[in-house]
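Shown here is one chain on its own, the form predicted alone, set out as structure tokens.
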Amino acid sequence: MEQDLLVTLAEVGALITNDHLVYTSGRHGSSYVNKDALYPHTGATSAVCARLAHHFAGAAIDVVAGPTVGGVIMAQWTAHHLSRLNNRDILAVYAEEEVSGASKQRSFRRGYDDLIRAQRILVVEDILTTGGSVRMVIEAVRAVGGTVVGVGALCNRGGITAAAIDAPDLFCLTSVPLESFDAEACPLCAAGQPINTRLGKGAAFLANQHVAHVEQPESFKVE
């Protein structure tokens, strides 16, 4: 099943390997899961979420919740398939990010908190790297009185465990090992492999490198 999913991701251009990428953390690596390449393909997205739905079909889920942005699509399709499997209406909602100073959290707006209260919730996400977004959704669910039954994800890229995100169950369709290096010790840089500027943070990294290497004028000497 995992190999089939990797083939699907590769077919839609969502699985990038043997490249030179800069991740959000600033570290470099050779692989990348471009989730945005999957979502335009509704058939492939539906099939992926159907697998998550089958895993949690017997968990008596009432609502599927995901973080903005990609988690919105995951939640919709997963809830759709769970509804068909259970022959009842299972809802899909999403948690939006709130920033207060240096602090970030997620919350349910638009009346979604009322849909979650006292219900059994499945949290879904596309890519797990640090697990931060999922943890915030779990916290938001519990803050309004919902019960998190489990977490389902497309890809576990960071070796995240259920304990790490405080979830009772974690099911991931696949995992892509994310070997990464500090920029200063990156073997891809040392080998002169060009950085991908279309995906990840490659363009910003190169821009910062250019600024850092601009020679500053010498201070004028006072005679």
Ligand SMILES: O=P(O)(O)OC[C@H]1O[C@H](OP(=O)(O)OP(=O)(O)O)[C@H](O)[C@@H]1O
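Only a predicted model underlies this, so the values are computations on that prediction, with no experimental measurement involved. The first residue of the sequence shown is number 1, and the count goes up from there. In this text, the rigid core denotes the largest set of C-alpha atoms whose superposition between the two forms falls within 1.5 Å.
A second form of this protein, the form predicted in complex with the named molecule, is not displayed here; the remarks below concern that form.
Leu128 is the sole member of Leu128, Ala140, Ile121, Ile90 with a non-hydrogen atom within 4.5 Å of the named molecule in the predicted complex. In summary, among the residues Cys172, Ala47, Val69, Ala57, the only one with a non-hydrogen atom within 4.5 Å of the named molecule in the predicted complex is Val69. Here the chain stands by itself, but in the predicted complex one stretch of 131-139, 146-154, 76-84, 108-116, 131-139, has heavy atoms within 4.5 Å of the named molecule. Contact between Asn208 and the named molecule in the predicted complex is not found at the 4.5 Å heavy atom cutoff. Contact check for His20: no non-hydrogen atom falls within 4.5 Å of the named molecule in the predicted complex. Scanning 166-200 for heavy atoms within 4.5 Å of the named molecule in the predicted complex gives no residues at all.
Core-aligned CA deviation for Asn34 between this form and the one not shown: less than 2 Å.
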